[in-house]
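Just one chain is shown here, as C-alpha cells, and it is the form predicted alone.
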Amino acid sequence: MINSKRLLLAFSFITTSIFLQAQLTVNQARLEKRIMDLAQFGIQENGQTERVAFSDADLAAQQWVISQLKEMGLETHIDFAGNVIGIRKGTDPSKKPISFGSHIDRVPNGGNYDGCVGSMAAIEVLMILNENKIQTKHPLEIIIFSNEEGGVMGSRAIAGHLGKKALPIVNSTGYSMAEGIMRLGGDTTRITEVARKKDEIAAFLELHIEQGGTLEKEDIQIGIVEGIVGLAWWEVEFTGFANHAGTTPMNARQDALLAAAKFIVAVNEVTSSFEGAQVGTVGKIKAEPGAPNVIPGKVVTSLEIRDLSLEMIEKVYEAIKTRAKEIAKASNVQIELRPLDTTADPAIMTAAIQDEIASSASQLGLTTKRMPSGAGHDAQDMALIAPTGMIFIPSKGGISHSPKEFSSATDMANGANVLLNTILSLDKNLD
C-alpha cells in the first residue's frame, strides 16, 4: 500500500528542488568585484594591468586563486603543467568529473575580461553551490589553465599534445615555456603525466567573452559556440646582408627588411584571394642589427593562419610559401619558413552540450545565437579528450586583447548563470 503522506512529502521535495535549481542565480556584484580584484595583480601606474604568463603578477594571481579555492574546501593543487586544479567531491564516487574553467594570464597590454570572466565565473558557480548546500552527483573540477595566451600550454598538456618543441619557446617575459612551467610550480620532467584519457572527463565547459562584435551588434545575450577555428604558426626568417646604409647603392642591396615588408603585404593579398572566412596574420617582426644607418641583414617574422578547415589552412600556407619564394628571389635574400609546435586543429563543440546550453539559457529567458569562434581557446584542446561546450557573452565594441576590453556585470552574470544551470543539467543527465 502506498503511503500517501510520504508520497506527498517526496513530491514536495522534488518540486522544491526543481524550483530552487531553476531560480538559482549567481551573485552579480560579487562576480564583478572578483574580476576587479583579479585586475589588481600586475596593475601599473597608468591603471592598466600587465599579467603575461610566468610573470611575477601571474604567479601572484595564481596563488590568490588557489587561496579562493581552498577557502571553499576544494582539494586544490598545481599539476605538472602549471594548471591550477580544484575538486569539489560529488555524491557518487563512480561518476566522472564535470570540468570547467578558463585562464587568467593575459596578452601584453591586454584587458581584464579575456579568460578572466570564465575563471572568476567558475569560482562564483562553486560558491553558489556551497552557499545553497547543493551537492552534485559528479565531482566538479575547476581548471585555471596555464599560459593560454602563449600557446594554450596548460590545456594542450592535459590533452596530451604539448610537444617538446614547444618548451623552448620564449614569451615576452623572457621565460621559455619550460622555465615558466617550473616557475608556476609544475615539473617539465613529468609533463606527460598531466595528459588525460578520453574517458576521464564527463564534460568540459568554458565561459568566455566573444572577442568579436556579433552578439552586441545583434543584441544577443548568449553565444553558443559550434566550433573553434584551427590555427597554425610559423617563424619566417629572411637572411640578406647587413651593410652601410649610406654607401650601398639601392640596386646592390640585400635588404632583409624590405623582403619581409613585401612578404607581409603578400600574406594579406594571398589570404584574401580565397573564398571563405580564413585569416592570415603577421603580428611580430624583428630586424637585425636594428640600427638606422645599417641595412637589415636578418629579419624574423611570425605567420599565423586560422580557419575551421585544416585543408584551407594548408592551401593558404602553400600559396603564401610560393609568393615568399618569389619575393626572396627578386630581393636576393634567403627565406626559411619554420613550422612551430603551436598548431591547433579545428574543434567542433559537442552537439548535445550545445543543446544543454541553449536549454539553460532559454529557461533563464536569455536570447541565444549559435556561432563559430574565430579565436583559439582552451576548450579547443579539451574537445580532443572530452565532450565540450563553450558559452560566449558580449564584448563591448567587439574589443579584445586591449585595455578597452569590457563586458558588463549583467552580461557576465548572464553567462555565469548559464554555466551554473548547464552544469546542474549535465550532472542530472550524464552517466
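Numbers follow the displayed sequence, beginning with 1. Basically, rigid core = biggest C-alpha set you can superpose within 1.5 Å across the two forms. Every value quoted in this text rests on a predicted model; they were computed, and no experiment measured them.
The protein also exists as the form predicted in complex with another copy of the chain; that form is not presented, and the subsequent description refers to it.
**Message:** Taking another copy of the chain as it sits in the predicted complex, is Leu310 near enough to touch it, meaning that at least one heavy atom pair lies within 4.5 angstroms?
**Reply:** Contact check for Leu310: no, nothing within 4.5 Å of another copy of the chain in the predicted complex.
**Partner proximity in the predicted complex: Lys262 to another copy of the chain, non-hydrogen atom cutoff 4.5 Å** = Lys262: contacts another copy of the chain in the predicted complex.
**Item:** another copy of the chain contact in the predicted complex: Gly110, any heavy atom under 4.5 Å
**Value:** Outside the cut-off, so no.
**Any non-hydrogen atom of Gln135 within 4.5 angstroms of another copy of the chain in the predicted complex** = The answer is no: Gln135 has no heavy atom within 4.5 Å of another copy of the chain.
**Prompt:** Which single stretch, out of 350-358, 237-245, 178-186, 93-101, brings residue heavy atoms within 4.5 Å of another copy of the chain in the predicted complex?
**Reply:** Among the listed stretches, the partner-contacting one is 237-245.
**Request:** Would you confirm whether the three residues Val282, Ile285 and Pro292 all fall within 4.5 Å of another copy of the chain in the predicted complex, going by non-hydrogen atoms?
**Result:** Checked in the predicted complex: all three residues contact another copy of the chain.
**Asked** Tell me, which of Ile399, Ala57, Val26, Ile385 has a heavy atom within 4.5 angstroms of another copy of the chain in the predicted complex?
**Response** Of the candidates Ile399, Ala57, Val26, Ile385, Ile399 is the one lying within 4.5 Å of another copy of the chain in the predicted complex.
**Asked** Considering Ala202, Ile220, Ala195, Leu257, which brings a non-hydrogen atom within 4.5 Å of another copy of the chain in the predicted complex?
**Response** Selected option: Leu257.
**Message:** Pick out the residues of 374-389 whose heavy atoms come within 4.5 Å of another copy of the chain in the predicted complex.
**Reply:** Counting only heavy atoms within 4.5 Å of another copy of the chain in the predicted complex, the contacting residues of 374-389 are Gly374, Ala375.
**Prompt:** Ile228: CA shift of at least 2 Å between the shown form and the other one after core fit?
**Reply:** It does not, since the Ile228 C-alpha is displaced less than 2 Å between the shown form and the other one after the core fit.
**Message:** Following rigid core alignment, is the displacement of the Lys137 C-alpha between the shown form and the other one equal to or greater than 2 angstroms?
**Reply:** Comparing the forms between the shown form and the other one, which are aligned on their rigid core, Lys137 does not shift its C-alpha by 2 Å or more.
**Message:** For a quick test of reading the superposition: does Lys198 move by 2 Å or more at the CA between the shown form and the other one, rigid core aligned?
**Reply:** Result for Lys198: no, shift under 2 Å.
**Request:** Could you tell me whether Val107 and Ala287 have their C-alpha atoms closer or farther apart in the predicted complex than in the shown form, knowing the shift is 3 angstroms or more?
**Result:** Relative to the displayed form, Val107 and Ala287 move farther apart in the predicted complex - a change of at least 3 Å between their C-alphas.
**Request:** Since the C-alpha distance between Arg370 and Gly276 changes by 3 Å or more in the predicted complex, give its direction relative to the shown form: closer or farther.
**Result:** Closer together, by at least 3 Å.
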